[in-house]
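You are given structure tokens for the same protein chain in two forms, set apart as structure 1 and structure 2.
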Structure 1
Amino acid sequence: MSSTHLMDYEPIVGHQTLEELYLLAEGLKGKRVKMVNSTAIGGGVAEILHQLVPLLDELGIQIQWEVIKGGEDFFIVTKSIHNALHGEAAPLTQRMKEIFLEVSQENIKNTDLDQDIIVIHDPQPIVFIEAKDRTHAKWVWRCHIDVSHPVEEAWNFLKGYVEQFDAALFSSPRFSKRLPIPQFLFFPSIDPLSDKNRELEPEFIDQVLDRFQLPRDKPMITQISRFDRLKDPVGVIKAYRMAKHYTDCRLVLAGGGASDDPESELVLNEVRTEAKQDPDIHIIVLPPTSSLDINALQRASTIILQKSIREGFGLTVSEALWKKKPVIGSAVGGIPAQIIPNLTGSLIYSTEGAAYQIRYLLSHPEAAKKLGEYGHEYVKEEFLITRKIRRYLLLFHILFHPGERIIPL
């Protein structure tokens, strides 16, 4: 868990922002909140909860974080559901549904649900809502992925569960579906004081580059993501090769897997095959505890890529912008919420577009610098963790006082 305290953020966000959080929390002291997700390490949701939970606790909310359990067969099913919700053709057989429901019921039996609010993150623990009538809690479904164009069979399987919640939270208005329950916009956030985002000494950055055998003799293009086909690492290699015909550069693909993603090793092998032992392509497999290494790699990079085919929100974009780096991102998922074209970054729609933007930014360093500077200010305004805490506090007030007028401070 994070060891930072709210007052540590004052030099970044100002005293007034923190004072507002304390005022909003005053009427929620003692309320019991439980966050439920599928993994404690790896992936954006776990990272967000590691930061969010202790800060909400500091505000006087009795908050717990529960991670569901399951074997390999269960997480194969949940990965297939995840891919199908993103619109990929993915199997969802009757037996797979049975495995999903059986493991979910076992998790429900072993979880304390005597809470005031229960927040279920993503599809993996969604069946928990079947216990709603046994509790007095308000139930919230936090969807971190884009379900706007799912495979219908997968959505129809989950929709009956979603509709039982008291509210649903989406990362973008474009992500949501027509539902009979209230929906709220919840941007994900980064923690500027975490190991992944805090300032680093230049000597430490050099040590990380030396450890990964990364020379600084040419511009470095970097994508940091799980090895997942939806992040299109093979497409990144193709874009790099197109750009390299015109401007010499090196490519870094760094990332790992998550405990609930059984496909990552297969994708990693595909990436290694595509790289074809190019000495300027560096494939770095990182364990989940590599936040400082990721921070150093981003700060050492000339350009950051996020060339996703589908995306939940893509917080690597905000992480890079916070470090004042120019970012090239696909116009999918939540990336357009973070990149205002030609102001806070470059949006792309194809591999060829990615290659062109790499060439342009490498040959126009002043334009690249401006994108990073404007991006940093935009992240400060919209995507820091203090903003997310404020949204959660307002949501809790709304759930406890339905129908009453609530005026944000």
Structure 2
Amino acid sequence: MSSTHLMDYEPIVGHQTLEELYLLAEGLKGKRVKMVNSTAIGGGVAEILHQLVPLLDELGIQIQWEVIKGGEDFFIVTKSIHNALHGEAAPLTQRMKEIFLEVSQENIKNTDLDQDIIVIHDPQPIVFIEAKDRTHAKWVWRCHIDVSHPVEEAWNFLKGYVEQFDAALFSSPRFSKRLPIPQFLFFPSIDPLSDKNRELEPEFIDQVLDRFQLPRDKPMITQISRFDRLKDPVGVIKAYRMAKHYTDCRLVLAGGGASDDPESELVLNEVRTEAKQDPDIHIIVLPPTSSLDINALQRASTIILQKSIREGFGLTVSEALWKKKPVIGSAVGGIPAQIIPNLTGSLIYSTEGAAYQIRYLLSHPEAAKKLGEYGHEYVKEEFLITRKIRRYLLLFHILFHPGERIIPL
């Protein structure tokens, strides 16, 4: 579990923000809330729960976190469902559905459901809702994945369960579905105290740059992303080249996933070919645990790019804005939620647009600085973990007052 305490956020978000959380939590003291997901470690959801659960506990919520158990066959089925929800043609046979239901029933039997609120994360434990009549709890489905283009059959199978919940939470308006239950928008968030985002000593940043053999003689344009075509690394190189005609700069493309993902190896080759031995293009393959290196690279950059073709939320944008960097991002997925054009960053629609913005920001450092500063404030307001806690507390209040137009807090 995370060893971070709410108090640790006070210097960052201010006393009033924390005070507000304590006030909102006051009326929820002693309420029993259970989070259910499918992994204790690894993956984004486990990471979120490791941060969130202790902080809700500190606020006086009686919070429990339950991880469902299953054998390999169960997780093959859930992986297949996950892929189908992402739109891949993954199988979901009658036998697979049976395994899914049997293992879920076994988990339900072994779980204490005497709760006030039960939050089910993602599809793996979704069958728990079958136990709804046996509890007095309010049930919430927290969907972390993009279900905007699912395989029809997989979504229809799941929908029967989703519709029984009291509320569903989605990460983007684009991911939500037509459902007969209330839906809430829960943006992902970043933790300003994590290794990925915390302040770093300048000497540490210098060491990281030395290790990656990155001189600091020119402005540094950086994109941190898995080597995936949807992140358009080749387009990034093209934009850099167009901009470099006018202003000298370096380009850093840093990301992981090359060793275990055959597709990313192909993309990496395409990127290397496009780079054509340009000594000012630095292609850095990162191992999976590179949070501090990513933090340092972002902090050392002059401009951060996120030139995605498709995107989920695009956490790298908030990470960079938090570090007061001017960010140029494509108007896809969750990026426009983070970049208000010409206020918290630059939104682009083409490679030429990206090149123009690089050139503009390099030649207008004052404007670039302002974007970064406003971006930082916007992330503080909307996309920090403290904001997520606030959303959960408000949601809990709403669930305890169904249909009421005014809720006393």
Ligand code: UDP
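Because the structure is predicted, anything quoted here is derived from the model rather than measured. Numbering runs along the sequence of structure 1, starting at 1.
Q: Among the two displayed forms of the chain, which is the form predicted on its own?
A: If we ask which form is the one predicted on its own, the answer is structure 1.
Q: Going by the rigid parts that rotate relative to each other between structure 1 and structure 2, point to the one of Q124, F74, L297, L384 at the hinge.
A: Only one option sits at the hinge, namely L384.
Q: If the larger rigid part is held fixed, how many degrees does the smaller one turn between structure 1 and structure 2?
A: From C-alpha superpositions, the smaller part turns by 24 degrees.
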